[in-house]
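One chain is shown next in structure tokens, namely the form predicted on its own.
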Amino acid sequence: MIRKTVANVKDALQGVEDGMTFMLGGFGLSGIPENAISELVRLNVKNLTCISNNAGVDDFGLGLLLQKKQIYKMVSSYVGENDEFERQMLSEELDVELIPQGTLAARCQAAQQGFPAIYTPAGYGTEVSQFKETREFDGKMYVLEKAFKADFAFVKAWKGDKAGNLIFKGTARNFNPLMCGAAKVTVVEVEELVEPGELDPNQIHIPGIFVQRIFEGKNYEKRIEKRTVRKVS
């Protein structure tokens, strides 16, 4: 059994350099790799291209990297609740590629499965399709979108074993599974790390073949992006 565990986040991020392209799981603040992001902030790597559904909020998640101007380009589906993301985009301090959410997911999955590209109807006839190959299938037009190419994928799972098998919990099972194996190196942080054989095989979402490094994270905040509660009657 191949053991893929590393001692901590510092060891997990060995090889990270300026100018790299990263995939980061999560949706809003749900399921984001908090430990990996904190380590990227500490390392102060710059000129990064980050592929993520959004960029967290001003003072948490990828928003921390935006504050320090470590990100050169964001590839996302929406700006979300991040005012700094919006400010940098509108002032052209940040290169931003906004992608339909389904296309973003499909391009991650294409990279994971070894496909060079996909055809999607999303964006045909708009600025999105300018300078891209288009093709007709069964009377409907599609746009060719290339699979992502990333150096590292940073993923957050609920539970994993030392062979890299993963279980995601609730809505944290968002972009995280699609990014496993979609980059040259997949780094996974988990809330609980167990021995091989302790996970129920029927509950495993991602097999360890898609994971290169795994470690048990610490001090998860699990913030809620926008808390909504019922008024007391």
Partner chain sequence: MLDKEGIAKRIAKEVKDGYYVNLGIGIPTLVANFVRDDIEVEFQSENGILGMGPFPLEGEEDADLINAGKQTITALPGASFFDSAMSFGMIRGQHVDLTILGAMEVAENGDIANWKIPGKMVKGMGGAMDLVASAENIIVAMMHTNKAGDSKLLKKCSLPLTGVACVTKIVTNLAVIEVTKDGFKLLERAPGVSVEEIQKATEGKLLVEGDIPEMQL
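Positions refer to the first chain, counted from 1. Remember, predicted model here, so these are calculated numbers, not experimental data.
Separately, the form predicted together with its partner chain exists; it is not shown, and the next lines address it.
Taking non-hydrogen atoms only, Asp58 never approaches its partner chain to within 4.5 angstroms in the model of the complex. Although the partner is absent here, Pro177 is a contact residue: one of its heavy atoms lies within 4.5 angstroms of its partner chain in the model of the complex. Although the partner is absent from this view, Ala122 contacts its partner chain in the model of the complex, with a non-hydrogen atom inside 4.5 angstroms. Contact annotation for Gln67: none of its heavy atoms lies within 4.5 Å of its partner chain in the model of the complex. By the 4.5 Å heavy atom rule, the three marked residues Lys46, Leu94 and Lys184 all fail to count as contacting its partner chain in the model of the complex. With its partner chain left out of view, the stretch that reaches within 4.5 Å of it through heavy atoms in the model of the complex is, among 67 to 75, 147 to 155, 83 to 91, 131 to 139, 83 to 91. Contact annotation for 152 to 172: residues with any non-hydrogen atom within 4.5 angstroms of its partner chain in the model of the complex are Lys169, Gly170, Thr171, Ala172, listed in sequence order.
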